[in-house]
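One chain comes next, on its own, written out as structure tokens in the form predicted on its own.
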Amino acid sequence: MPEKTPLYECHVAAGARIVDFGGWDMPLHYGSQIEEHHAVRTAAGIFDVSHMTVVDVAGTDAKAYLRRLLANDVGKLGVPGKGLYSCMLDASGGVVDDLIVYRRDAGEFRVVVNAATRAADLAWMNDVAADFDVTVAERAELMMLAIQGPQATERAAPLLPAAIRGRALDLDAFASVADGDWFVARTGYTGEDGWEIIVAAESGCALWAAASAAGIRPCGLGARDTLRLEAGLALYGQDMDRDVSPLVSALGWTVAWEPADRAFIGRDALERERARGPEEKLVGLVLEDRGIMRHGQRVTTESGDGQVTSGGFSPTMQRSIALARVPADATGTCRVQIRNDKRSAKIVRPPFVRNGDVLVEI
């Protein structure tokens, strides 16, 4: 049986279409995925993302452990509250998962990983932890909400506890603030400003109700997917997985090569790949013909074939866009196999849309 978030009954009562996502019953939309998408691009929307896995890492070796576990370097988190995005790799350089990690104190960190990879992630993290004086604790009692959009923080700020409100408004991107069970980070998965809030279930359910009453639109996973695609944000299991490295997933920027003696898992494999040059790259595609690009479709370029990793219709751009893995020297235009036809598409550099602005030529 799929698991349910603390807000499941609220979603059902609101008329949500419920789907199984990563073993969880989650809302796909509440009637109009397109309207929810536009609400986030123009105003504010709230998402239940309590299916995500929150893991607290603590102990004398917490920092050393994470510097071994992750391709990015938590040594860059100079003060409590700072966060960074990273991939967690296996020895071959394949992506076990992508995640965000926040420094909470000198020996305490909070890691947020994907729902569908929860069991594998926890097993991997605990295997690596065996060599360190560290505890790895899943916080299954907490829930997570994302409030996103150009008006998100303005509308949501009055709903936060007074003790945390001002500090939350002052946060820079990828920074967090905590007070008791409340944890607020200026992060998101939509290409818009906003907060991701981790909180105890009772407070989280009250926040959802208050946000809805304040005009912050409830949004489902459908809008979250079109928003993240427009923002050029990767989805684990489609745009990356254990069969590919960050270097061919447009995530080379998340690998901290310095200092050279930091032996993170997968480093040797990545260094060999970097030395010979990756054979593929992740690019954006804008369809110039009619049709919808989808995951798995064949892409033909002058340099060879590739594959659509994520695709769909962009409500903001009013045409189909995609992420695709293609030969490293592919440029210009390509052809995408949509059913029985090959449709013309332009190779571009994502993101397609950020903060409501279209960033590619169409």
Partner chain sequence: MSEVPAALKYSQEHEWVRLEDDGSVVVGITDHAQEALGELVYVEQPENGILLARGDACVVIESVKAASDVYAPISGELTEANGALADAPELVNQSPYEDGWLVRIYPSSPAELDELMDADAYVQFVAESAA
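Being a predicted model, the structure only gives us computed values, none of them experimental. Positions refer to the first chain, counted from 1.
Beyond what is shown, the protein has a form predicted in complex with the partner chain; the following relates to that form.
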| query | finding |
| --- | --- |
| Partner proximity in the predicted complex: residue 349 to the partner chain, non-hydrogen atom cutoff 4.5 Å | no |
| Heavy atom of residue 201 within 4.5 Å of the partner chain in the predicted complex | no |
| Interface membership of residue 276, the partner chain in the predicted complex, 4.5 Å heavy atom rule | no |
| Exercise: residue 272 in contact with the partner chain in the predicted complex, heavy atom 4.5 Å | no |
| Candidate stretches 208-216, 113-121, 90-98, 286-294, one within 4.5 Å of the partner chain in the predicted complex by heavy atom | 286-294 |
| Candidate from 28, 328, 58, 43 lying within 4.5 Å of the partner chain in the predicted complex - any heavy atom | 28 |
| Sole residue of 309, 33, 301, 53 within 4.5 Å of the partner chain in the predicted complex, by heavy atom | 33 |
| Residues in 2-24 close to the partner chain in the predicted complex, defined by a heavy atom within 4.5 Å, in order | 17 |
